[in-house]
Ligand code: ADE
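As structure tokens, one chain now follows by itself in the form predicted on its own.
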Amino acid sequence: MTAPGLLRALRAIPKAELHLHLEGSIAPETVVRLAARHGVAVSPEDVAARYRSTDFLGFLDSYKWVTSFLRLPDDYRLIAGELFRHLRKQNVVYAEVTLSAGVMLRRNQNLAENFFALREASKEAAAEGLRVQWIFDTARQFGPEAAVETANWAARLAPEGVVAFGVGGDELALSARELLPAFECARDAGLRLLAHAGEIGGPEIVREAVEVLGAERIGHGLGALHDPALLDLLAERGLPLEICPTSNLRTGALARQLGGEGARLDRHPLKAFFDRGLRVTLSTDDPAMFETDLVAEYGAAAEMGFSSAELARLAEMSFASAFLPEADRESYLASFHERAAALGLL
């Protein structure tokens, strides 16, 4: 298959995205509009400069800045509608979208009203062929009590489409043991569990997320590359790593894991993880902030050496790793296999 033909096929296959932060999807022009709503003058150049972070802490500062313009339910509905239209253009048919619920609570916002606005936007998306489920996220640096509060809200809103509870932010700020009460609260409520781990931290943080917190998926997981025994454990359990290559490059996470400068996408461990038998999924993380989309991430994987059949396997693993009832997962997989075969990817 020619490179242009492969790109067309990758755009045409039905796709799932599992590691996607709503607040990281805000296009620069939308940031300008949101800021103006709240009496703040921001130029597109300001946004572009903020989005060009070169290390992880700089990225967290940029994320904090852009979320400061999200204050009311209409703000959240606006960005959700734009994200969902963007996903449909890429033929994403299923998405688990992470919401920074912990940030809302820290800013004393009305989380329920904000979420109900998002729920309405997701209902509209469903009518257009995109199913959305929500992940409530806390930031480690906010502390254990804030994590429990976020988990309680996730449990309360589970009937409205919240499927999982997770933790992100600065993974070096708080130990897994301190987060355990929040994860137990979420588990007791029947929520699925996931954690950012090994993005900038080492393999011990990935192992703690699995063995202490009981995480069912790991966000990023790059740090696992330093521990062959951990890689074997992840492969044996079929525990998915949510891989976001462009994000890892732009935040400096990849350079950090590789021990310094010279990080390039062709040095990303995604292909090594895949070849070792790990379950890996491909996502964008914060697509507007990193100037990417899901089709571009599959194109990057092709440049890393994935064959067309292996790219199809990557896409398949996203559906297989989704927090869905078994019957729904099998339905998505059947549709995916039919379309991928018709496009010559299988």
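A residue's number is simply how far along the shown sequence it sits, counting from 1. Predicted model, so just to flag it, every value in this text is computed and none were measured.
There is another form of this protein, the form predicted together with ligand ADE, and it is not shown here; the text below is about that form.
*Asks:* I need to confirm a contact call. Of Gly252, Gly169, Gly161, Gly143, which residue comes within 4.5 Å of ligand ADE in the model of the complex, counting heavy atoms only?
*Replies:* Contact check passes for Gly169.
*Asks:* Exactly one residue in Phe59, Tyr298, Phe69, Phe319 has a non-hydrogen atom within 4.5 Å of ligand ADE in the model of the complex; which is it?
*Replies:* It is Phe59.
*Asks:* Which one, 25-33, 303-311, 40-48, 280-288, holds residues whose non-hydrogen atoms are within 4.5 Å of ligand ADE in the model of the complex?
*Replies:* Contact criterion met by 280-288 only.
*Asks:* Contact with ligand ADE in the model of the complex for Ser247, defined as at least one heavy atom pair within 4.5 Å: yes or no?
*Replies:* Yes, contact at 4.5 Å.
*Asks:* Mark Asp75 yes when one of its heavy atoms lies within 4.5 Å of a heavy atom of ligand ADE in the model of the complex, and no otherwise.
*Replies:* Asp75: no contact with ligand ADE in the model of the complex.
*Asks:* Check Glu242 for me: does it contact ligand ADE in the model of the complex (non-hydrogen atoms, 4.5 angstroms)?
*Replies:* The answer is no: Glu242 has no heavy atom within 4.5 Å of ligand ADE.
*Asks:* Taking ligand ADE as it sits in the model of the complex, is Lys15 in contact with it (heavy atom to heavy atom, 4.5 Å or less)?
*Replies:* No, Lys15 stays farther than 4.5 Å from ligand ADE in the model of the complex.
*Asks:* Could you list which residues of 196-225 come within 4.5 Å of ligand ADE in the model of the complex, counting heavy atoms only?
*Replies:* Those in contact are His196, Glu199, His220.
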